[in-house]
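So this first bit is one chain, no partners, the form predicted on its own, shown in structure tokens.
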């Protein structure tokens, strides 16, 4: 695929994907690839590539003599980072954020406890570095800089758990954190108590204190849910 074709592919995908996840094409809707190719002014081959990506996310299914059909929400790959990003960009953002944050609250405390048992010296150092980076960028409305360290911190926790299933959730957590920042579901400066908790988690992991690492991470998750009650209350 040429660079131009890749650009067209990305443009169509970033238009059609969010439209499907926002409900503009309800489940059962049939998408005609020829019509879509005309609408987006792209070739049929580009449109076929877009459909293949949407099929890999289980958003649509191609059926002979029927066309491309939008699948029920229950069949979507809701762990796909791009699907998460599209859903967080839609009107259902508060519910999505809550659902994803509950997922985090179930997984990350356990991962932190495991990290305290299994983290390497390098991972402990990376965790401390990320926590200190969060402290350094937590004032002055520097949310984008803070986000970089926040994502890095949570990736290390999941990786250091030694559990490959938890580690694969790194991209999911990254999209949740990025979605909160990019859709203004964060205070202008992060909660100082939450920032301090991250530093304490890094200390607990470094000291091999699994119960404390798990408890502190649970406090972080509970605090994130309380922030959602204020900044993105359920409708």
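Treat the numbers as computed from the prediction; the structure is a model and nothing was measured. Residue numbers count along the first chain shown, from 1.
The discussion below concerns the form predicted together with a further copy of the same chain, not included here.
Chemist: Would a further copy of the same chain in the predicted bound form be within 4.5 angstroms of a non-hydrogen atom of every residue among 131, 135 and 153?
Modeler: Zero of three within 4.5 Å in the predicted bound form.
Chemist: The chain here is shown without a further copy of the same chain. Which stretch in 24-32, 174-182, 42-50, 195-203 comes within 4.5 angstroms of it in the predicted bound form, by heavy atom distance?
Modeler: Going by heavy atoms within 4.5 Å, the stretch is 42-50.
Chemist: At the 4.5 Å heavy atom threshold, is residue 169 in contact with a further copy of the same chain in the predicted bound form?
Modeler: Residue 169: contacts a further copy of the same chain in the predicted bound form.
Chemist: Report whether the minimum heavy atom distance between residue 9 and a further copy of the same chain in the predicted bound form is within 4.5 Å.
Modeler: Residue 9: yes, in contact with a further copy of the same chain in the predicted bound form.
Chemist: In the predicted bound form, does residue 124 have a heavy atom within 4.5 Å of a further copy of the same chain?
Modeler: Heavy-atom contact with a further copy of the same chain at 4.5 Å: absent for residue 124.
Chemist: Contact between residue 148 and a further copy of the same chain in the predicted bound form at 4.5 Å, heavy atoms?
Modeler: Contact check for residue 148: no, nothing within 4.5 Å of a further copy of the same chain in the predicted bound form.
Chemist: Can you list, in sequence order, the residues from 196-220 that come within 4.5 Å of a further copy of the same chain in the predicted bound form, counting heavy atoms only?
Modeler: Stretch hits: a single one, 218.
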